[in-house]
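Shown here is one chain on its own, the form predicted alone, set out as structure tokens.
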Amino acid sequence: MENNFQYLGYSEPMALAMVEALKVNPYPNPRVGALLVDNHGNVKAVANHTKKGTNHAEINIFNQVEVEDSDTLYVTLEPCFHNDTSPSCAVEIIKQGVKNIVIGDIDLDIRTNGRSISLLEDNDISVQIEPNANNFLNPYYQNQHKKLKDIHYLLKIGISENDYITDDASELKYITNELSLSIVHYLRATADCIVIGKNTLINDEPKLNVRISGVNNIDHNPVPIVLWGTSTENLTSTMEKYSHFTFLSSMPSRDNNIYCSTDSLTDVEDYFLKRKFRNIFIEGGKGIINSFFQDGKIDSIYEFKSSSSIENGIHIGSEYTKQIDKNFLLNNRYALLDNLLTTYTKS
């Protein structure tokens, strides 16, 4: 299986653990994956945390195989220190004789928050940190545990070298390459819902699901959400065509349409909160993007930029650049063959 997480700087074992984490959504717990490899790098076991009240990923590893001193355990999030809701994974790791562990991120949960790392190191276990695994898998997690807000809004944008987001001269939907598209599907798998507007739905006819090797058996696909607006034209026929999509419009609720004033993103967010959505993935066009920007909702941006220019189409406009310059910090840049991925977080 080709694992394109490695283009984002993750080691192969951590990348495999991350793919495993994406297969489930153990709400309200975070997605966590684990992998055990021998001293030759061969995978001995892989596991995830499936749902609240069940074994954590590390315990599921230990239930599959015996640990040898030369093995290395990879976990996308610091093992839990506490034992109030489940056995302490840190204590179990010590009991199982693990001598080497690589952790994706420190757990911001106040019951753990570095305490497991200290405990493991005090028991002569080699601990390495491979950062940003949990931040990728559970983008809402920092907001939640720093008590900033309940929802994380992640914007994905595919854009040409000269800042166009559509190409009138091409019948292809995509501006970016296949590698960029694969990363987008990893991002989709982290989301509770994917938000687009009416024009994107009609013009692009997107599927809005997760389609990538290794995650095809995902137990949870994000909910497709269409911000339809106030027009009644074509709504009924489009609802029937996309019966598994949820439409938010000013029309009375029926079937897969929910009454919600999309003129107010406060009302839209109230709907997200009622659905217990934590990570909102925005894939809409220029209008949707600008409305979420102007309302100050966007928390992070994944900008996939092609090396090609476009002559005719929709230009992203000045609002996008203005928002990034004023309100966002550049995190990282990744070369994706002839594309460039730049990530930003709200400052």
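Keep in mind it's a predicted model, so treat the numbers as computed, not measured. Start at 1 with the first residue shown and count on from there.
One more form of this protein, predicted together with a small molecule, exists but is not displayed; see below.
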Picking from 283 to 291, 63 to 71, 40 to 48, 318 to 326, which part of the chain touches the small molecule in the model of the complex when contact means heavy atoms within 4.5 Å? 283 to 291
Residue contact check: I125 to the small molecule in the model of the complex, 4.5 Å heavy atom: no
Taking the small molecule as it sits in the model of the complex, is H185 near enough to touch it, meaning that at least one heavy atom pair lies within 4.5 angstroms? no
Would you classify D204 as touching the small molecule in the model of the complex, given a 4.5 Å non-hydrogen atom cut-off? yes
is_contact(P139, the small molecule) in the model of the complex, heavy atom dist at most 4.5 Å: no
Does the trio I157, I165 and G197 actually contact the small molecule in the model of the complex, every residue with a heavy atom within 4.5 Å? yes
Consider the chain as shown here, without its partner, and state which of T246, T262, T112, N177 has a heavy atom within 4.5 Å of the small molecule in the model of the complex. T262
Name the single residue among A189, L227, V98, L120 that comes within 4.5 Å of the small molecule in the model of the complex, judging by heavy atoms. L227
